[in-house]
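Okay, here we've got a single chain as structure tokens, the form predicted alone, with questions on binding and movement later.
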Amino acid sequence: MKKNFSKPLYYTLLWVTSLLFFLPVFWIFLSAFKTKEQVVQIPPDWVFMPTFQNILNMLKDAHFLQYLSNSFFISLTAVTIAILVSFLASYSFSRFKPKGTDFIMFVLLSIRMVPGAATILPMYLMYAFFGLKNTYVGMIFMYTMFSIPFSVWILKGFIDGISTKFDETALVNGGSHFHIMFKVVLPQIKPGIIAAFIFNIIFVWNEFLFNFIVGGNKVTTIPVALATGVVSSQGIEWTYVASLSLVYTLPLIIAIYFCQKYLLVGMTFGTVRGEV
């Protein structure tokens, strides 16, 4: 009886907690379909006639498509390059185990522990010296660099869980190391690849500080646009903020929804007990 009662209570608590965390997101989504007066109205209107004028006004903005395309291009390119480099590095660490592997892995992970504010000044000076400021190459290189350490940790855990017997069998049958990596190992760590990709795309997609300081008008992404392009002579354009947030957030929500099972696996860094 106690068990039958506690289970519904447990799931009810989970639902309530989830809804509380999702409420701010739901509120900003609702605001995208309200008028300016309704957005700031107190008490708020929960039932109202939705309008799509805010979305249309945002689409008419001359800079909107540039901001959106910059976010997609920089994020996808940087993370794709990072995953490729991380896969090659993870395979080397897992299979060849060079001297000092544990220390190198620790150093890689410690890079992500350093706050961005501590590195932004030297990065700015370096980018200004090499002429990489306000360039796509510079932004992609920076986000690739920050995405590699975490990707290496995730993918190495997955590769460690794959038996070396696969490698040995392929070598005996005349396969090269590139054949083993891309034809034997890679298909077996698909969940890890997707998990690393999603985790890093979330970071790059939402990153603000480096794009704001090191970037510029040419490579501005939506997080920076949300912070710098929402103030007019009439104050903050809350309808524009809500509309841009809606369009900007939906791709991540959809991606996470369809890849959530891979994210759960990735949270364990791909660790597997025993060989598979």
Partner chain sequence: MYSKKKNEQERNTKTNSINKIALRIKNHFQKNEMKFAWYLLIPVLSFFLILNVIPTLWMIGLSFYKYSLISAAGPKFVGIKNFIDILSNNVIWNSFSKTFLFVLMGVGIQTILGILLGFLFWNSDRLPGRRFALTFLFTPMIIAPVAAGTYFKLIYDPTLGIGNYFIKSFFGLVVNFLGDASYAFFSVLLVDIWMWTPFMILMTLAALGSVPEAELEAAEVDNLPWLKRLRYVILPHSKFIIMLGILLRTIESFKTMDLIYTMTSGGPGNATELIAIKLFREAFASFNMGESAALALITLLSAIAFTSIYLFILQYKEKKV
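Since this is a predicted model, take the numbers as computed values, not measurements. Definition used throughout: the rigid core is the maximal C-alpha set that superposes within 1.5 Å between two forms. Numbering follows the first chain given and starts at 1.
This next part talks about the form predicted together with its partner chain, which is not shown.
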{"item": "Contact of residue 115 with its partner chain in the model of the complex (heavy atom, 4.5 Å)", "value": "yes"}
{"item": "4.5 Å heavy atom contact, residue 42 and its partner chain in the model of the complex", "value": "yes"}
{"item": "is_contact(residue 48, its partner chain) in the model of the complex, heavy atom dist at most 4.5 Å", "value": "no"}
{"item": "Close approach of residue 127 to its partner chain in the model of the complex, 4.5 Å, heavy atom", "value": "yes"}
{"item": "Interface residues of 139-166 toward its partner chain, as seen in the model of the complex [heavy atoms, 4.5 Å]", "value": "141, 142, 144, 145, 148, 153, 164, 165"}
{"item": "Shift of residue 253 between the shown form and the other one at or above 2 Å (CA, core fit)", "value": "no"}
